[in-house]
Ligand code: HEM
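Below, in structure tokens: the form predicted alone, a single chain.
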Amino acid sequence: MSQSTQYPPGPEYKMPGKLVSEFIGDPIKMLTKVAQQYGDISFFKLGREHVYLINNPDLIEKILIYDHRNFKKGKRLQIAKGLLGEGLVTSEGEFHNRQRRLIQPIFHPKQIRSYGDIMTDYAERMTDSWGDGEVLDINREMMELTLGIICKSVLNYDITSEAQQVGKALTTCRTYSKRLQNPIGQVLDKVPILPKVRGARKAMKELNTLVYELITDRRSKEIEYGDLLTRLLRAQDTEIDHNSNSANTENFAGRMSDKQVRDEVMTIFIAGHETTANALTWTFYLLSENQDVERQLHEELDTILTNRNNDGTRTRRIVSTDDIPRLQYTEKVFRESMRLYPPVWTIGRYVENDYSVGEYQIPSGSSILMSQFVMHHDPRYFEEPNRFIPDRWTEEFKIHLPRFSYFPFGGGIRGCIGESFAWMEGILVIATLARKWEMRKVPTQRVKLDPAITLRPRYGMKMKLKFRN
């Protein structure tokens, strides 16, 4: 790297390890502080890594939309390949584009609408199993619920009986994946006798066994389902050059290999349920802490989801996809929750070729960070950014808001393929649960952010249930 490189402003420490330890200890706090202090573009070193933090919606749009070909996925997602393989979240280039084209129809708006009944059915079943006065870890409940929904919707597989066991294995793998983000964790990973390493490998084996059994079972059946798994197993890509030597493309010379199907299914398992589960957990936490908002939500649900009978009595009814356009306050609650606690809190990119941002030249080999959490709490775009104010989301407010000041699902060619699915699921689940239950965080529950690949509550979210008469 040239000595004459002009760097943007940023933090410098005499002790080089101090910034690394700050970032590992609390990356959100560290990035927020840097953005507030140094503005739209800042620079710092994390060990040998040169990092540019971009904190301007127009610059983020340029990187994610217009100049996306100049970047690869960041370091965190490269490490996640250990869990996800070459799935849609981690794969690159033409291979990624082909996979996306293959999977996209499963998330077409008309197709997604057909999943609505599954979402409400699974949510209703969960609420019927709850008891008045019971204390539950809502994060665990939401993980189980969204795992069941994603498996039934896109894999046509009812995981209910195995949900707890699979959920535990997924949690073990996710926690271990976070540990691998730390260089020490990567060194320890090479010692298979260590309990955490052994536990992670056992959990991964369990998940792989489940997925491969699912693949074998589906291949043995003559029935053609319209789900993702069937599409993957029947996939043939006519655009493939069969003479290509590329490791990524060789599987397309006929059906996809079981390994590639496994990678896509595992990606859907993780990305398709964990993000929504965390978003719902934070939503119910915020409602617990803001009971005036909760009252408004209940008023909307009681108005829309109540039938008047001939004898003058009223009965609650189950929410459906037809209700979504009328559940405007419910949608605002979910939108504001994802502003305060975006499920994916940061996006990283690796710079392939030298890249100009404003007056600065970012050399190839550098890393770029863009943080949804930092942008979503920026007072330039959100008044009282730390307050939970669903009413801020008027149509006028949304029209005037810069596109990438609010981007919980990322954006561009790498944006979340399941965004419409997540919006519908969030609204239907909030309506189903809040229609019947109030939830109150127990006084002893510690609330701390755990910024892994997704933004989780570090100590879960124990809440006491109260049945709404």
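We number the residues from 1 along the sequence you see. This is a predicted model, so every value here is computed, not measured.
If you look for the form predicted in complex with protoporphyrin IX containing FE, you will not find it shown, but the lines that follow are about it.
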### Query
residue 100: heavy atom within 4.5 Å of protoporphyrin IX containing FE in the model of the complex?
yes
### Query
Do residue 417 and protoporphyrin IX containing FE share at least one heavy atom pair within 4.5 Å in the model of the complex?
yes
#### Entry: Interface membership of residue 107, protoporphyrin IX containing FE in the model of the complex, 4.5 Å heavy atom rule
yes
### Task
Answer with yes or no whether residue 409 is in contact with protoporphyrin IX containing FE in the model of the complex, where contact means some heavy atom within 4.5 Å.
yes
### Message
Which is the contacting stretch out of 434-442, 31-39, 421-429, 47-55, given heavy atoms within 4.5 Å of protoporphyrin IX containing FE in the model of the complex?
### Response
421-429
### Query
Does the trio 333, 385 and 449 actually contact protoporphyrin IX containing FE in the model of the complex, every residue with a heavy atom within 4.5 Å?
no
## Note on the structure
Assert contact residue (protoporphyrin IX containing FE, in the model of the complex, non-hydrogen atom within 4.5 Å, options 337, 120, 281, 372) equals 372
### Message
Going by heavy atom distances of 4.5 angstroms or less, which of 297, 169, 89, 155 would be at the interface with protoporphyrin IX containing FE in the model of the complex?
### Response
89
#### Entry: Contacts with protoporphyrin IX containing FE in the model of the complex - residues in 257-279 whose heavy atoms fall within 4.5 Å
267, 268, 271, 272, 275, 276, 279
